[in-house]
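Two versions of one and the same chain are coming, encoded as structure tokens; call them structure 1 and structure 2.
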Structure 1
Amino acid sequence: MSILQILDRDRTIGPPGFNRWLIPPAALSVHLCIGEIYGFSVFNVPLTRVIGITQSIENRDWTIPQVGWIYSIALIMLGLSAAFLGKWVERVGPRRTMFASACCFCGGLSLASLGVAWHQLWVIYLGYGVIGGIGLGLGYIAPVSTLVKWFPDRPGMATGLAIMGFGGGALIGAPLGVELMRYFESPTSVGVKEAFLVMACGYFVFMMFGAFTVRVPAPGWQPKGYVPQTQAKKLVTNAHVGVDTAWKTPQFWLLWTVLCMNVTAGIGILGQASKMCQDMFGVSKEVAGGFAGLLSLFNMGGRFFWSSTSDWTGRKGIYCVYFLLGAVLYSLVPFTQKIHSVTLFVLVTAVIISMYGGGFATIPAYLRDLFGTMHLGAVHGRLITAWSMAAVLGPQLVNYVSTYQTDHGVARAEAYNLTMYLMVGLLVIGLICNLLITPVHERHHHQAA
């Protein structure tokens, strides 16, 4: 039997007696690896000292803005690959997709290692950015619809578990990258190329565990004791909507805006966390770094907590909580600065970031409620473009407004206040879009041949 046959969707059907609790660790093993992208910033400074080793040499070493493009290209490719390859993912199933994701992500890391060795930035853009980014997109959407099919009784919890791994990837990837660079550091190397290579090998093994553990449920399979609701909830459909139809419905674009607003607000804080903490409270760089790590922890935890909670409250309800509670908390941020309470600031931002993560994790279940499971992975893939848009909007908004404020004489500690109120405005737009979401009209439902 060839390797390609082992990857066939038909060969991944869970046999009778297969325990569905094997699926979340399979999904987590992929998401924990690809979530490393969130911790990529630990490589930024070392990448600017590849030639100079102890310090960056002007005109020979790369600059921070040049290196910053690696992360941006990877995120753009994540969105594009998820959007364009979603249908393929649905067709070939999760195992082949996870395998392809591992090949792209780890192959991209290996190529980036070569790029560092040759000191060719375009090779890193191609490796980590383009090829690795495709791996990110494939790996991100691969297990989602499978999980929802295995857990029809708790779809929010199931997708929360998987997408929690993406948030958790930074918690592992960042310290792992630092430790590896420290280990391989020498008078002739900053340790980045070796770190990339070791991570590529380690992540590949880990992702293979996920690819060969994952199974899809047999047609018509249902968990023991599960009784599908005969009286459907208002927003939850038992029908299916094809991806080419789904993305033409107003519900899709309302959800797109909901995700975009939630992510723009959250990523604006997450991306600038360390700098904000230093500017607002004058803490040291090291302490601010600890704050960024703590936010990653809440980003991860929120994905599981809020998404699981949505199984009880309904998706529309939980998004109302994200937007309403979020608006109140964002308005509180300037107050925490006014009373110089770091603890209160940390608490407020931690809850904000937990809801940012929750927004990501709840979206697949919301899509399943509205469009069914037939093309869930593909529809989810197209919705992910909202994330790419937000990844550009959020940090730019915070950067631009705070810089404008300080340039006009506002104290640096207070320069983020206006941004927080702008974020409240974005959340209000998200809330309105969420409230406008209604069930998808029956004419869009897929008719079985």
Structure 2
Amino acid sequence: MSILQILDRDRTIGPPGFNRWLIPPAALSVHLCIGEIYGFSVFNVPLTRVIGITQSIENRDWTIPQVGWIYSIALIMLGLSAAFLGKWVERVGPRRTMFASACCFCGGLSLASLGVAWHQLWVIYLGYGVIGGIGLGLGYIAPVSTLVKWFPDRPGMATGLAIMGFGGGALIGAPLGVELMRYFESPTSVGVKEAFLVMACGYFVFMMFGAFTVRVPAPGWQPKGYVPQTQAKKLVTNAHVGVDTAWKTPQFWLLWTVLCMNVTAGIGILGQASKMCQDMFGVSKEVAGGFAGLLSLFNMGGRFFWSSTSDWTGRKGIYCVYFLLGAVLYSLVPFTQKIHSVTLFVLVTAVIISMYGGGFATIPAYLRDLFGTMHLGAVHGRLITAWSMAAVLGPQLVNYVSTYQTDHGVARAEAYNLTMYLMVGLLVIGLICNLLITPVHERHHHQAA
């Protein structure tokens, strides 16, 4: 039997009596690896000193805005690959998709290592950004529809389980990156190229575990004791909407905007967490790396907590909480810097990031409520293009606005204040779009042949 045959969807169907609780660890093993992207901020400053080693050399080393595009390109490709390959993912199943994700993500890390060694930024863009980003997209959506089908009784909890590992990736990746760079740094190297290569090898092993553990439920399978609702709740349908129809509905684009606004606000902080903490409070890079890891913990926990809560409150209600509470907390960030309270800053940003993560985990359940499960992975993949847009807006707003502020005499510690108020405005837009969402009209429902 060839490796390609082992990856076939037909060979991944769970046998009678299969324990569905084995699926969450398979999803986590992939998402905890590809979620390393959230810890990328620990590499920002070292990548600006590849030539100078101890300090950046002007016109020879890369700048922070240039390095920031590595992160943005990866998330852009995450959204685009999820959108264009969503149908393929539904057709071939989660095992083949996870295998392809591991090859792309870890291969991209390896190529990025060469880009650092050669000091060619375009190679890092291609490796970590483009190829690695495709791996992110495939690995991100692969377990979502699978887990929803295994847990039809708790779709919010299921999507939280599927996606919380991605939010927790920096909890491992950020400290690991810092330690690997410290271990490999020398008078001729900042340790980034070696760190990328070691991480690629280690992540590949764990992602293979997930790929060969995952299963899909047999047609018609239902959990013991589960009785499907015969009458749909408000905003929750028992029907199905095909992917090519779903993306033409107003509900899809309202949700697209909801996700884009929520992600733009959160990703701006998460993508620059390490540097932001250093600039605002003058802490060491080790402490800042730990802060990025702490945010990852709340990102991960929020995905499970908030999405599970949405099973009781409804998806629309929980998104109202994200936007209203989020707007208040973002407006408090400049105040935490003004009184120089690191503790309050950590508490505020931790709750913000928990709701940012919760937004990601709740979206698949929201989609399931509106469009059903027939093409859930593909619909989710197309919606993730909102993440691609946010990946440009969020980090670049933080990068360029803060850089502009400091270049024009604003103290480095206060350079992020304007950006926080801009984020409040984005959350208000998201709130309005969420309130406008209504059930999908019956004319869009799929009619069985």
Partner chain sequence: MEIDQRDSSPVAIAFAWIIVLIPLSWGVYQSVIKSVPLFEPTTAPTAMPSPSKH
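Since we're looking at a predicted model, the values are computed, not measured. By rigid core we mean the largest C-alpha set that fits within 1.5 Å across both forms. Residue positions are counted from 1 along structure 1's sequence.
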{"property": "Pair member that is the form predicted alone", "result": "2"}
{"property": "Did Leu324 shift 2 Å or more between structures 1 and 2, C-alpha, core superposed", "result": "yes"}
{"property": "Ser41: Cα shift of 2 Å or greater between structures 1 and 2 (core-aligned)", "result": "no"}
{"property": "Per-residue C-alpha change between structures 1 and 2, Arg11, threshold 2 Å, rigid core fit", "result": "no"}
{"property": "Gly394 CA shift between structures 1 and 2 in angstrom, with the core used for superposition", "result": "4.1"}
{"property": "Cα displacement of Leu436 between structures 1 and 2, once the rigid core is superposed (Å)", "result": "3.2"}
